[in-house]
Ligand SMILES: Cc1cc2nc3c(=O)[nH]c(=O)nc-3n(C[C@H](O)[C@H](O)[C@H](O)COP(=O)(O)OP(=O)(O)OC[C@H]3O[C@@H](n4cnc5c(N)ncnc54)[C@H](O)[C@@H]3O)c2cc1C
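A lone chain, given as structure tokens: the form predicted on its own.
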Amino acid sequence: MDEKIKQALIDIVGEDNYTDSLIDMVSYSYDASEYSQRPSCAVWVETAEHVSNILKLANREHIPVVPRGAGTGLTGTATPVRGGIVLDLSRMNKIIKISIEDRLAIVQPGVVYADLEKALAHYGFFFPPDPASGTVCTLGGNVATNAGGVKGAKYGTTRDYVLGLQVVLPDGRIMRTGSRTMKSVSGYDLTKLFVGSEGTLGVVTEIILKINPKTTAATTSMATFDNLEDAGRAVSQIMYSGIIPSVLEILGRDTIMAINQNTDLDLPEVDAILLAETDGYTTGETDFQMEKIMEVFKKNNAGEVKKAKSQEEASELWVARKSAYAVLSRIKTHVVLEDVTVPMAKIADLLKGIKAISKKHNIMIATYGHAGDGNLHPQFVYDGYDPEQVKSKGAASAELFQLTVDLGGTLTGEHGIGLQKAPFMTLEHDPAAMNVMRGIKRLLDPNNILNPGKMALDK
């Protein structure tokens, strides 16, 4: 980093909040994806004014800036692919206000999801998106990627709960969007524009979130299927049955076998297992909903249909689902977790297609995910040091994305585009849509300093 720029950054944030040491640059060179690139330096910011002054400097000098939370992203969103400055927001971690009367919380972007959940639990409330990395991921990152999780079928994703934002634009201007009200149609919905923009349009420095009362009862069940089509049809029928499960998850055969080989859970080795949860405020309410779901399981040729008899038994069932990523990560040197999403009526077609792609390219693709909203997680498991397996993984990924789009689906349901899926954006988005997105990027960030190289916006 140029000495004048370095000194200017230190003048803004203080010497203790600046680093260009090698060990830190290596740490900031990657996130939870397969990509890496060292930045020139990193700064810890503590106020919106810090962010504003840094962006003014970077915009003037044409220096790339990459906002970063906890680095849990799976698509290279926080990888500084063009070097420059990493803007670490983790120290902006205050819960500014919890207003139960208004059903909202106001937070800084560095607040960890689990910390907000803990604070809300005191009032009997929760923030529903529930990403898998919730114990470590930050709410700023959730906003940047429109994060979701296992409760998406009933409760939706982060975008459904963001009421307003404070955003610092690439030229340093500080802007507020949205309001503290439950609804507003005043002007363009700029809040939704920034949710899911992956730090390419502005840096979020404050978030107003809608929060929900926490349910007090839940019922869990499991069903096994020897046929993927039966499992897919069951999912579709449940979701238009009049019952909306709080969770509806699927585990494919390869995932089940990997879990059995690496744990003592002893799951039935079938083509698919569906796990369902219903929630509410009385056991009678949740049991009534679950009986309807179990009827659908049985009508669609489920083998074993089992309702958990206790909270301990329910927890055991969810351990299997929650262990999938970690268990599969132990099998070979490299894993890549995708999150393609299709209309629910096409889940069986997607599952069949993934199986065919895996066989064609002789590569392990273990599938699990959020069946209740069509968001599946095919996890590629391969030897990243074997050029042939790397080539097979690339070809299989391309076919997976094409299949997903052909089924009327989307490249990503919750992880984001980042670097990983940028080459495939034109599969899903027509030229007019890409031109509009790139036009918005040029309008707000004409010097392309904010998270360049992501989402295929640079062309």
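Please read all numbers here as calculations on a predicted model, not as lab measurements. All residue numbers refer to positions in the sequence shown, first residue = 1.
Below, we turn to the form predicted together with the named molecule, even though it does not appear here.
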{"query": "Non-hydrogen atom contact A32 with the named molecule in the predicted complex at 4.5 angstroms", "finding": "yes"}
{"query": "Any non-hydrogen atom of T145 within 4.5 angstroms of the named molecule in the predicted complex", "finding": "yes"}
{"query": "Contact test in the predicted complex: I63 vs the named molecule, heavy atoms, 4.5 Å", "finding": "no"}
{"query": "T278, heavy atom within 4.5 angstroms of the named molecule in the predicted complex", "finding": "no"}
{"query": "The single option of A366, A78, A234, A371 touching the named molecule in the predicted complex, heavy atom within 4.5 Å", "finding": "A78"}
{"query": "Heavy atom within 4.5 Å of the named molecule in the predicted complex - residue from N300, S246, S133, T219", "finding": "S133"}
{"query": "Proximity to the named molecule in the predicted complex (heavy atom, within 4.5 Å), stretch among 246-254, 197-205, 356-364, 223-231", "finding": "197-205"}
